[in-house]
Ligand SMILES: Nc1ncnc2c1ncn2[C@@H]1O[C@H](COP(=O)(O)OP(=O)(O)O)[C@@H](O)[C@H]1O
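We begin with a single chain expressed as structure tokens, specifically the form predicted on its own.
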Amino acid sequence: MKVIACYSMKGGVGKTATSVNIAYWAAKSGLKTLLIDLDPQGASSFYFRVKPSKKQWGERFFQAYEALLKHIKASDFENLDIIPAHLSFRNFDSLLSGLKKRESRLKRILKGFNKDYDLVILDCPPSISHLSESIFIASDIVLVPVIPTTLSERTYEQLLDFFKEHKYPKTHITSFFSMVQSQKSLHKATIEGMSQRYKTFLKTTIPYSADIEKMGEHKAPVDVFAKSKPANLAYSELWKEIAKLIKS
């Protein structure tokens, strides 16, 4: 079983859209996939039409993987299950701060899914926190969407510095350009410059697209309602690149 964290320190970069579409394509390719929505806003849960439990249960999340089992819900798609976010997840950081071996707690819990799933995808909240550190340790791939702008480049560099400072393996970071507007000279220049400076970027870029924005309206991955559109074709290609990394 592999674990992919869709993560960014910066919000609004297409992280949740990536989580949803990559989980969809992974399941469609035949991998038994579990998407865990760690963001208390619950956007990826919403896109898959999955509602959380009415009871608060975030305080039990890091106790054992058995606590998560009862919250697994089937999606509308074969091979794809969801653990929806709950508003109580907003307390994860304070909860983790009081636990022993908090950095490895998530990794230990996810190991419980080894026999049932081929792939676990984590949709992560945009922050640097105890939860983030736990995610970095638990993940085989930290998938980072980057908008090709100066501010996003700065945020990306901060993430690399954080990994270096805390001695997390930078090889776990895999990046791609998101919300790309090819007509913008800044986007073109940033993509060219960052691709030369960093070897972590995949070839596929995800365009800025109204079809991605319409995911909320349709409550579905892009392939369901815009099969032949560029955004969907891009996500399909992105998954193919990620699939090769998983197998290597």
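Throughout, we count residues from 1 along the sequence that is shown. Quick caveat, the model's predicted, so the values are computed rather than measured.
There is another form of this protein, the form predicted in complex with this ligand, and it is not shown here; the text below is about that form.
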Next on the checklist: Which residue, 179, 50, 38, 220, is the contact with this ligand in the predicted complex, using a 4.5 Å heavy atom cutoff?
Outcome noted: 179
Item to check | Heavy atom within 4.5 Å of this ligand in the predicted complex - residue from 26, 34, 68, 206 | outcome: 206
Checklist entry - Contact between residue 213 and this ligand in the predicted complex at 4.5 Å, heavy atoms? => result yes
Item to check | this ligand contact at residue 226 in the predicted complex, heavy atom, 4.5 Å | outcome: no
Next on the checklist: At 4.5 Å between heavy atoms, is residue 22 in contact with this ligand in the predicted complex?
Outcome noted: no
Checklist entry - Should residue 238 be classed as touching this ligand in the predicted complex when contacts are defined as heavy atoms within 4.5 Å? => result no
Next on the checklist: Using a 4.5 Å cut-off on any heavy atom, which residues of 11-31 would contact this ligand in the predicted complex?
Outcome noted: 11, 12, 13, 14, 15, 16, 17
